[in-house]
Ligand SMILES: C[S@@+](CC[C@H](N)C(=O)[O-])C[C@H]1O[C@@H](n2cnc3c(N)ncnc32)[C@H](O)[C@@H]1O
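First comes one chain, alone, set out as structure tokens in the form predicted on its own.
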Amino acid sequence: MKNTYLLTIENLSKDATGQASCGNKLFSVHGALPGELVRVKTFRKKLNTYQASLMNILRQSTVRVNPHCLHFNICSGCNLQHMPYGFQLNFKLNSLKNLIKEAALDFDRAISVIKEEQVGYRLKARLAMKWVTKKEKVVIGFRERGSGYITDSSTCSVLHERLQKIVFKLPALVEQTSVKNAAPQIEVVTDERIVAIILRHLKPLTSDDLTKLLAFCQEFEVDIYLQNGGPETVSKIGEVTQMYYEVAGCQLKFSPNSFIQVNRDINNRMVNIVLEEMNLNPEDCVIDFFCGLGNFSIPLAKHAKKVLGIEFDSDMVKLANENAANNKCRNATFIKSDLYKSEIGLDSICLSDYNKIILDPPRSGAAVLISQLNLEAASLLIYVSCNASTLMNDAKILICKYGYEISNVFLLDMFPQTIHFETIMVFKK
């Protein structure tokens, strides 16, 4: 058969796909494990490697398990469900150790691995939707692996149970509206009490559409928001309930389109680790760069003399200030600043007044920021990262430029069943 090959999987790549060779050809096979004899079909050549889909497993690995989700072989949302959970954790731990070694960072202590539930953990998700004429229905899901098509999903095992009960009812709702072929995306979020849905639509809804959406809200006790443009166009329909989550004894308010950590239990563990590693006393002053709505800042303010949070998103700064007031943290202040500018404009802030720092940047890291700062007064810096590769680059700056040493490293499995994880790296002088 054309484009098919019989391969023995030799090892796993950095993104956990099975790797094999045949003659002078290299192959990357999703869902294959080392030692397996597999028949595959190639669908794309990327750089020097053929991307291939798994057709048959002729000799199966003894560690293989059945995926939780029936869409695993198609959906790109998860890629580790064929591995036992302990195997997943070891893969992530070895990935982190290898990155530390490749960066030549001086750290030889054990890395603490923090885990919680393997499925049903995800509190927030953005899913694609599309009216498919051939199927005569709206499909919903993450993108298919290796293509731009949408997985026609009926379940998703990593979603929180409150979301699973609602998400797969949405296609039937959208099919009844005038925007069934102009609703490309929904975002769903729960605070474990209520569910909020943001419906992205590319043309105006009719009054009949709104009536149907409101009826859905009442029947299933959910809140619906509409979005016809950028994030600033999100608006509610009908009455909605304010959403909150709790962390380290603090109650934090958020909006459906706010950035929050999707795994409640791991977020609680993460904030508590930061509190413990900070070891705050009443004279400590802390800066929280990329503070968001105060996920770290508010709990830290309960133990410090003062906390300054800095964030670019105006809506998040507003929420952070509200959360400080709601939690009676008069010693927490939040300001807006673009921390990715080459001139960040923090001249009005005396960094020498702050002796402890926390960084929780986006995936692109914080090199632009930390290269500009004067960190002489900061005896401790905690870096929370969702991308260990950019963390390694930034760690080298902190060590070489400012004289920090790595005192502790934690791997937090924020995203079970995927290759992604959070890292906490603690730097001390």
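Numbers for residues come from their place in the sequence shown, where the first is 1. In this text the structure is predicted, and so the values were computed from the model without any measurement.
FYI, the form predicted together with the named molecule isn't displayed, but the following is about it.
S.K.: Based on heavy atom distances of at most 4.5 Å to the named molecule in the model of the complex, which listed stretch, 355 to 363, 75 to 83, 107 to 115, 174 to 182, is the contact stretch?
M.R.: Heavy-atom contact with the partner occurs in 355 to 363.
S.K.: Name the residue from C291, C156, V189, V307 that puts a heavy atom within 4.5 Å of the named molecule in the model of the complex.
M.R.: Looking at C291, C156, V189, V307 one by one, just C291 meets the 4.5 Å heavy-atom criterion.
S.K.: Identify, from the list E277, E144, D313, E322, the residue with a heavy atom within 4.5 Å of the named molecule in the model of the complex.
M.R.: Exactly one listed residue reaches within 4.5 Å, namely D313.
S.K.: Does any heavy atom of Q261 come within 4.5 Å of a heavy atom of the named molecule in the model of the complex?
M.R.: Looking in the model of the complex, residue contacts with the named molecule include Q261, since a heavy atom lies within 4.5 Å.
S.K.: Is L339 close to the named molecule in the model of the complex, meaning a heavy atom pair under 4.5 Å apart or at it?
M.R.: Looking in the model of the complex, residue contacts with the named molecule include L339, since a heavy atom lies within 4.5 Å.
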